[in-house]
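The chain that follows stands alone, in the form predicted alone, written as structure tokens.
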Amino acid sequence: MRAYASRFYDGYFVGVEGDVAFYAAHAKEADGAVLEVGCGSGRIALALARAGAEVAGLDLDADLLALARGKAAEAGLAIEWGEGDMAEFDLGRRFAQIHVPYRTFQHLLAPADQIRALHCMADHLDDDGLLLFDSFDPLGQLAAEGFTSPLCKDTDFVDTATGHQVVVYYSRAADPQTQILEQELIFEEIGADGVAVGRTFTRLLLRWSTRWELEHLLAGCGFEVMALDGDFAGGAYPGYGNQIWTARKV
């Protein structure tokens, strides 16, 4: 599923505070290779390789993989890249750890797809291998702000390729029955003269899961939960918001 224009990816999808350090620290301790599922343009995979880990990256988006390959080549980093669906892939090898950063797991919009993905990841893990991923339960935020929000400015950044300022507008609608969050994004490019030179419209669908739902899914797919934190610094999970999962294949 294409959810964005790849040339805006690095400017807008910048991660969650502390995520790079968290995944890199675990990768440094891995007794073998690390697979990043949903590697995007390589933001975290390159950091893992710089930390000395043997890294492979998997993503469904060929354009983002091309960006990742270019960055790795420029940095002189040897990373194995593969194109594939996280719910159905076969790399013909196993890994000591599998990482699924930046809420990538939430692109799976039905429990059946989540189950297929978890089984697939388990098949690619060594015995006692670790699965690490982060997700987000927005119910606390939705309860406070409402299940819909009108279009408003989210942020802005400079497109390094063109020098244009890019203003990002955002709206959302959440369905509490399906647990699907639908986000509409508009990337408006502003030229040097202050005049808009183009707009790109995108739509992003994500599914959130409660703590208990994910614990049940992990247990049913051959994993034991080792830790659930509320942030990348090891803070307690308050029952909503960021979910930082560490699970072991059993």
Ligand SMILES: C[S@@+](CC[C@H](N)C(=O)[O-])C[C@H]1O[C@@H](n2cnc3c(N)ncnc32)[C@H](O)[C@@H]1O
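On a predicted model such as this, the values are computed, not experimentally measured, just so you know. Residue indices: 1-based, along the sequence shown.
Quick note: we don't show the form predicted together with the ligand, though the next part is all about it.
Residues placing heavy atoms within 4.5 Å of the ligand in the predicted complex fall in a single listed stretch, namely 103 to 111, out of 103 to 111, 176 to 184, 145 to 153, 123 to 131. Although the partner is absent from this view, residue 39 contacts the ligand in the predicted complex, with a non-hydrogen atom inside 4.5 angstroms.
When the ligand is considered in the predicted complex, residue 56 lies well away from it, no heavy atom lying within 4.5 Å. The closest non-hydrogen atom of residue 12 lies beyond 4.5 Å of the ligand in the predicted complex. The shortest heavy atom separation between residue 26 and the ligand in the predicted complex exceeds 4.5 Å. No residue of the trio 34, 47 and 76 has any heavy atom within 4.5 Å of the ligand in the predicted complex. Applying a 4.5 Å heavy atom cutoff to the ligand in the predicted complex picks out 64 as the lone residue from 62 to 81.
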